[in-house]
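One chain follows as structure tokens, the form predicted on its own.
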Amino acid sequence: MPDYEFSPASGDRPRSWISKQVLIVLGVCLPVILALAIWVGVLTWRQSSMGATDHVSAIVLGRCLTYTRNMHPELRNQDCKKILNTFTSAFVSKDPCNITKEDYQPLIDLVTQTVPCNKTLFWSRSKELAHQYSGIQKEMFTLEDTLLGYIADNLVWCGDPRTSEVKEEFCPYRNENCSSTATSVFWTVVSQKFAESACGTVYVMLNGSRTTAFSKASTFGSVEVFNLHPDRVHTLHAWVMHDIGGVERDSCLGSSIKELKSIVNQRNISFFCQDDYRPARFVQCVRHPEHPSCSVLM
């Protein structure tokens, strides 16, 4: 049998050299791959979480004292420390995704405040304008102009079963896997109470620059309008406001407002609607005095 000797073909390299190249590539790429995996993991976690407000307890207590001592001294008898303790007891040391309405019931029972008849103003997708309007028309009350709404406005909070402290880091977003967060349940409960307490003629400010001014998925459309008591509320006035210079996508003649009218009428409550309610339009025009739509008002 002939004794053949095979030599590496031109361009070939010994196996040991190839192994070294593989190790070098892995050494360079592996840290990058690991870093990318960690970054994706952190991003996914952050997308399912939102920043909790730092020092929530101190903010709530401070706001309560400001509201009851300076803004509404007629509520001076409200015990702000007790209100704070009752508020935090609703969610501290509990699963942040499994808060119930009953958890907040002691707080609802504790805080007593009466909004005068004919002075309740709801809003949906028009928070800033509604607050600007109620800030000028001091006798009007949005939910955030009440004590409970004021102390919690724009805050995010939650607890953790592993600690007895208010969580100062991240709280879960409300989603299909976490539908009962401490913050969302609070607003559902106080919104329901706000609507149940309304009387006389009530008002709602809606955003006609949105595709649908009224949405049954909003807090007003899913909670507040269905908790107006016909024996206490006889009329709902809707104000469909449009952004200055913006597109008018919906109006009092639109299908969403017709749906709202149907819901209200079925509850034996009268319904009226007005596009760009003049006093609220004046508030909008403060920032846009030169706009043609504002010049007409002058």
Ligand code: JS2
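Please read these numbers as outputs of a predicted model, since none were measured by experiment. The numbering used is simple: start at 1 and walk along the sequence shown.
Below, we turn to the form predicted together with the named molecule, even though it does not appear here.
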With the named molecule left out of view, which of Thr163, Asn177, Asn154, Thr114 would have a heavy atom within 4.5 Å of it in the model of the complex? Asn154
So which of Lys167, Lys119, Lys193, Arg125 gets a non-hydrogen atom within 4.5 Å of the named molecule in the model of the complex? Arg125
Pick from 80-88, 136-144, 98-106, 67-75: which stretch has a heavy atom within 4.5 Å of the named molecule in the model of the complex? 136-144
Does at least one non-hydrogen atom of Ser218 fall within 4.5 angstroms of the named molecule in the model of the complex? yes
